[in-house]
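Heads up, the chain below is alone and in the form predicted on its own; it's given as structure tokens.
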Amino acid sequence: MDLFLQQLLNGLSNGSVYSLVALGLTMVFGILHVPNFAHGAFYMIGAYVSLTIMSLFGIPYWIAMLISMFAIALLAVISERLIYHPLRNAAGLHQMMGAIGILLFLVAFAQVVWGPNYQQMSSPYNGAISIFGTTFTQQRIIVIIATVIIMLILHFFLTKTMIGSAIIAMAQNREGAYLVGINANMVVMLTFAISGILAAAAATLASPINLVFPGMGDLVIMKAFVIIIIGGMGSIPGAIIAGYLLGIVESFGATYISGDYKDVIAFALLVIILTVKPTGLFTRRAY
């Protein structure tokens, strides 16, 4: 029973990270209808920014996370202005090529600035606590709690504010949003900023558990694409549910089947769900 509870917590914490990354991808896809392949690089740079701020300046963990979220939001907006905006009327293939270009540039930049070696991010939550006789690591509990708080803030922002309503309107009907006077450029920029914030938050939460290195975003972004396909392209509830589902399935699969197949499980789950429900768990963009 202890092993079951521990793996459930591991699955929830991994699923929290997957969901945050997938949410950023989903929001950008909902506006531009183009997969942002550079999102994994934003995730990686976010981890390095937090790590650098903490190690060089001794800034506390949570403040470093906030600074990283702001920095990656700015990076995402700059990328949108320099790459996506000029290609807004081009074919989707051109935008995908632009995203891949951003990805390759940021990975090379990280290797030059921080080096190719693996690094460990410290955290004030390195200890463990016992709940009902089962030992859990503090950082994994923090990941789950912080993710829930971030998701609640995002939900409130999207559903209770005028700017959030504009984002939803753009995702649901771009032409209609133009007709009612919504500033499309501002909405797109804000959406990219939010996606950068979510990527930086996910990276800073996950890095004390995992390691920081230039390729850390590659596998995460692949799983995020699996998540948004499973959840239904453009569906925020679908991204959240599929993220937690994938995290839990991976955790139990690695424990009761084999850890060697942990990453394969994500794609096996994709095949199974799409075989049963080709449109994903949610068939429309729901916010």
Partner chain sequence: MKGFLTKRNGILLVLIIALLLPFIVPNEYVLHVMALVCIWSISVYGINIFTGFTGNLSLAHIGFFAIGAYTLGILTVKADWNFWLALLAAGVLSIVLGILVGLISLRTSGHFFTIFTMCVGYIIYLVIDKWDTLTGGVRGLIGIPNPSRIGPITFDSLTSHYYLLLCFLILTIFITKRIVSSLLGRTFIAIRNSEELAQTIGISTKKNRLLSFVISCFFAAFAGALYASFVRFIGPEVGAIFLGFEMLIYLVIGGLGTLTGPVIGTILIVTLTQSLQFLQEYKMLIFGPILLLIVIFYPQGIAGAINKLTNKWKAKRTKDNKVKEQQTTIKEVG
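Residue numbers count along the first chain shown, from 1. Here the rigid core means the biggest group of C-alpha atoms that line up within 1.5 Å when the two forms are laid on top of each other. Values in this document were obtained by computation on a predicted structure and should not be read as measured data.
Missing here is the form predicted together with the partner chain; even so, the following discussion is about that form.
At least one heavy atom of L270 is located within 4.5 Å of the partner chain in the predicted complex. Not displayed here, the partner chain is kept clear of F136 by more than 4.5 Å at the level of heavy atoms in the predicted complex. Within this chain, S165 is remote from the site of the partner chain in the predicted complex, having no heavy atom within 4.5 Å.
In the predicted complex, at least one heavy atom of P86 sits within 4.5 Å of the partner chain. Residues of just one listed stretch (150-158, 192-200, 68-76, 95-103) have heavy atoms within 4.5 Å of the partner chain in the predicted complex: 95-103.
Between the options S122, N185, Q111, Q172, the residue in contact with the partner chain in the predicted complex by a heavy atom within 4.5 angstroms is Q111. Though the partner chain is absent from this view, in the predicted complex it lies within 4.5 Å of a heavy atom of just one residue from A254, I229, I248, M54, which is I229.
Along 215-246, a non-hydrogen atom within 4.5 Å of the partner chain in the predicted complex is carried by D218, L219, M222, F225, V226, I229, M233, in order along the sequence. Relative to the superposed core, L9 undergoes a Cα shift smaller than 2 Å between the shown form and the other one.
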